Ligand code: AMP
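Shown below, as structure tokens, is a lone chain in the form predicted on its own; questions about how it binds or moves come after it.
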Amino acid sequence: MLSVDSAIDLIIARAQPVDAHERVSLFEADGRVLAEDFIAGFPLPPFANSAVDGYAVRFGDLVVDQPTSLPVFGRVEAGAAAQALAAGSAARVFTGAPMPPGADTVFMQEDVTLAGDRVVLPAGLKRGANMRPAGEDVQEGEIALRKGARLRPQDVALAAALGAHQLVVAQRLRVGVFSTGNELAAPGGERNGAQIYDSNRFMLLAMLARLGCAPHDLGVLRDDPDHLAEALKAAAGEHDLLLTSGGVSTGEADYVKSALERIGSLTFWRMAIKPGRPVAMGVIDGTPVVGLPGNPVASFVTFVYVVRPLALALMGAEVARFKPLPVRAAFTYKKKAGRREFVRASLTPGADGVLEAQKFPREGAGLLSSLTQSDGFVELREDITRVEPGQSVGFLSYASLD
């Protein structure tokens, strides 16, 4: 069985980004993948400015080791032009106001004493204090945002500060999502006594939307190998990526893997992961296809570790590895070596304030409530075989998996 890291490496190496991009407004840019480097056309800040409300001076006018008294000439507010500062004087300045030419240091207003039209400045301040030089944040010509970045609100803010009102991003990935199985009924419809309502499809559609994809609901495929193969082949021509859930194990009615082998090619099948071992990836007419397990928790986990990196790679995004947060285990657990396992857990502070991971009391891969009533996963890598209370373990919050 393929290891998690090997599967991700394989996906990143083989996925060819979809070569399509568009220009969107900043309002639409959050979560999208930047399609070209964004280069600063001017320095940020564009001019030297005061970091505080106070008094701007020439450092060379200060008396060493004792207070300095200087006359105050001029007042510079944010957004106003500044006149040159005469030698031997101070100017009243406000936060964000441009530094008067010649001034290089600002005293905070709460640190000075006023005496008529003069200001008394305490000794000890360093040259350049409380002044933001031009380009302190970003230099002109610097790559402010790199191609492949998945844009966040702070990235959008930086682009706005550099004068952009639009950004060039990868087009949303067209992803078709099927569920498979005669046992599935559509939510809101009739359900016979042997059926369950389909939940995976809606979970996967929501996860894709959070990734910045354009998910398409393709409904439920019944357990008919010919019909399933025909539907997958038809959908492959209209999408950049296809997902199915269910039908990838070794049962007599599991047809997804055989359909991939019949009308396309199989890249891998089964991973050393729990939950989620039966997961298939292949290609049909150039379109990647991922068959996820039918159990909801297994489908969730394999989406995170197979579909997410694949979708990001297809959009030309950088695929960063997750960084688990170290927490203290508050449970005992045994596992097999050579397999990565994800234990559903909630975080609570221990008596000493250190965060502890409390294991969800039940382990079934079909328990949707285990995802709604926990905070995330304790990731147990391949070399770990046992967890004891007090041991440091890696925790991945659900919020970090988007």
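This one's a predicted model, so the numbers in the text were calculated from it and none came from an experiment. One rule holds for the numbers: they count along the sequence shown, beginning at 1.
Keep in mind that the form predicted in complex with the named molecule is missing from the display, and what follows is about it.
The named molecule in the predicted complex comes within 4.5 Å of a heavy atom belonging to Ser249. None of the heavy atoms of Ser89 is located within 4.5 Å of the named molecule in the predicted complex. In the predicted complex, the named molecule lies within 4.5 Å of some heavy atom of Asn200. Among residues of the shown chain, Ser179 is one whose heavy atoms approach the named molecule to within 4.5 Å in the predicted complex. Checking Ala206, Ile196, Ala80, Ala214 against the named molecule in the predicted complex, a heavy atom within 4.5 Å turns up for just one residue: Ile196. The contact residue chosen from Glu261, Glu238, Glu183, Glu140 relative to the named molecule in the predicted complex is Glu183, the criterion being a non-hydrogen atom within 4.5 angstroms. Of the candidate stretches 295-303, 165-173, 267-275, 144-152, only 295-303 contains residues with a heavy atom within 4.5 Å of the named molecule in the predicted complex.
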